[in-house]
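Here's a solo chain for you in structure tokens, the form predicted alone.
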């Protein structure tokens, strides 16, 4: 799979050093593709070569633009991260196709374990489909609320009394909120979001769930730069894992697992201050300065 031009190769050995699968070995004449069957097509060997002597036959050379300084300071990044809040009130219009293309294109560059690149993205903004998903979630919440009520003693034993009380009260309020405000447009399930992004895959690797978490946050930060609000919908994600009907109404391909569900839209409410977080708990083990 690799073509190495030994006439221009400087024999620096970096291609072998950075290869995560130990495909390349350095011999007397220079680097040799010794174990091609191990290649995960990460492109490290191509990207590290100072003289463009390495070409991967499965990768377009044009897909390796030169590294550039993005000009982003740590302070600027922290401002972006702190400005992003979970949005739970949206305007009615869906996220434009152009903006969604930009967001998904950004998520494309999120790293994946073993370079599997197995994640797929499903964007739903059809109002009828969104309404059907919302109704399906309402049904699941009603069922869950009834189960927690009927089996509360077991729930308290499993979760602890305090958490069980909180869960019971929260579920009851969500179901009541839906019943009270459905006609007025209240939406405790998709939070009035006009667009739902589902990240899914056949989950061929054990890192798929983690990969989706990383890609999901890429989505959220990219959306923030475009003035688009987001909220991670853990309920939809969980219901899809345990209920075939939810997967069906959400148009998830057969045999695929839902790894992330993210609501998106243009915020109906603008925040004036960024997020507050408790001080992080950290521990250092090493020889660095105290």
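Source: prediction; values computed, not measured. Numbering follows the first chain given and starts at 1.
The discussion below concerns the form predicted together with a small molecule, not included here.
Visitor: Does residue 64 make contact with the small molecule in the model of the complex, using a 4.5 Å heavy atom cut-off?
Guide: The answer is no: residue 64 has no heavy atom within 4.5 Å of the small molecule.
Visitor: Quick check on residue 231: any heavy atom within 4.5 Å of the small molecule in the model of the complex?
Guide: Within the cut-off, so yes.
Visitor: Find out whether any non-hydrogen atom of residue 129 is located within 4.5 angstroms of the small molecule in the model of the complex, and reply yes or no.
Guide: Flag for residue 129 set to no.
Visitor: Test of understanding: in the model of the complex, would residue 86 fall inside 4.5 Å of the small molecule by heavy atoms?
Guide: Contact check for residue 86: yes, within 4.5 Å of the small molecule in the model of the complex.
Visitor: So if I measure heavy atom distances to the small molecule in the model of the complex, which of the stretches 247-255, 49-57, 29-37, 231-239 falls within 4.5 Å?
Guide: One stretch meets the cut-off, namely 231-239.
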